[in-house]
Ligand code: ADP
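In structure tokens, one chain follows: the form predicted alone.
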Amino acid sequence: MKRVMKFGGTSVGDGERIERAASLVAAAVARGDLPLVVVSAMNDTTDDLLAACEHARRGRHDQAAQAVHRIATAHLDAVRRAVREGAVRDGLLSTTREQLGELEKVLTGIAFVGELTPRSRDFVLSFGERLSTPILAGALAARGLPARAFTGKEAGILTDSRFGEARPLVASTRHQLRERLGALVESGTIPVVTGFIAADQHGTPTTIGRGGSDFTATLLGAALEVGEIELWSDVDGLLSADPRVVPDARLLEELSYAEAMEMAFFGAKTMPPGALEMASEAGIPVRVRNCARPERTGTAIIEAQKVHAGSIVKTVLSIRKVGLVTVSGGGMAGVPGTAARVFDILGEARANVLMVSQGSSEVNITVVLPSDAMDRAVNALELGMLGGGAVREVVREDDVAIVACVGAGMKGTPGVAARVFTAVAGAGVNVHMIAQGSSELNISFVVREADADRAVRALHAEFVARDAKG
């Protein structure tokens, strides 16, 4: 069976982990599988590259050089540990030094110009995966496996030119991936492809944005019609809550794509919704697994929304660092276009709306926004809405959090909302705002950030722990 094996940053964080990832690929080959491998940047490398970019832009040559030194030390050490000896290791050391030399030249150019464009930032960030991917390919070659490293561009992944948040051109990408990798995979060669980075139609490197390596994995899977996509990380799978908040959080053995999409929105370590949607359309199961515990089957993400006894709510999650903004005024009632105007202003201010609530009286609209967008959103709303007669005030509230219960078992089950808010009230938590999507897969509400952990624990006890006991 063809399968995509995607290794996240923690799974290739150093030489030993890269060697372990190679052993997992080798085990798949021994079972008769035909793997395609996707590799993220090593731990902290992307952060170091971003820091180096900013230091170079500000002319801080010493700090930029220190960031590059950290990257160089980590990757050269990873080569020596993942590939113990021989011509493969010597070749990798030489290639890695060449890449590092190119990185230094790019940063020097940014420092001289004193300008960092989205295009040049993407080029610098591409070095993370361009450095890690050949090391894993080399570790496979050292085991006698036919492996070949590809950048996203070389593999055929095309995007638009929105640097920093590029969108894959799916039809063209699928065609090129089949053309360039299809016969290779069938012949037994293992393509090892950079995650996160691709190229636009002019051949300029682009980054796909948040969850970019997952998009790469899904594009490969859909194009090559694989049987499964495996996401290898440092966790056993998806959990019923953040274990830092709920120490007895449970492993979720199975989720639907729709449930996983809801979880992804709330920051769970699953694929981003767009990648999950692509996997769903292609009918490819996704499995989240732990590199350190490969004997465990992890969490399977599949099409069917299976509801088992005692699994009304599968997970309780939260989003921190958000704020509330309320636009209100008696003149808003019955005035067409007021809501549209609010969202137009927020869009122009580049403020991503996470939740919306409007009273039936139509005299107020409340939105939840990321904290880093609050200042510009409030300023834009005050400038655009006040003084026109309809809106009386724009009020902000910081230091809040969104809490959500997610699960297919909530759909059509009477009394779920009552249990949710009784449990929260019993924990002494005040609810500021409530929302439920038409899918009925989640109930979300806003509380003070200081109360979020208490609300999560109360809901986990009410649903996950209590229902599991029957």
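Just so it is clear, the structure is predicted and the values come from calculations on it, not from any experiment. C-alpha atoms forming the largest set that superposes within 1.5 Å between two forms make up the rigid core. Start at 1 with the first residue shown and count on from there.
The form predicted together with the ligand exists for this protein as well; it is not shown, and the discussion that follows is about that form.
Screening 455 to 463, 5 to 13, 20 to 28, 442 to 450 for residues having heavy atoms within 4.5 Å of the ligand in the predicted bound form returns a single hit, 5 to 13. Using a 4.5 angstroms limit between non-hydrogen atoms, His202 is distant from the ligand in the predicted bound form. Within 4.5 Å of some heavy atom of the ligand in the predicted bound form lies at least one heavy atom of Leu317. When contacts are judged by a 4.5 Å heavy atom cut-off, Lys269 counts as touching the ligand in the predicted bound form. Under a 4.5 angstroms non-hydrogen atom cutoff, the ligand in the predicted bound form has Leu239 among its neighbouring residues. With the partner omitted from this view, the residue of Met263, Leu136, Leu219, Ala198 that lies near the ligand in the predicted bound form is Met263 [heavy atom within 4.5 Å]. Taking a 4.5 Å heavy atom cutoff to the ligand in the predicted bound form, the contact residue among Phe163, Trp232, Phe127, Phe150 is Trp232. Remark: with the core as the superposition reference, the CA shift of Arg119 between this form and the one not shown stays below 2 Å. Superposition of the core reveals a Cα shift of less than 2 Å for His175 between this form and the one not shown.
Shown in the overlay between this form and the one not shown, fitted on the rigid core, is a CA shift at Arg293 smaller than 2 Å.
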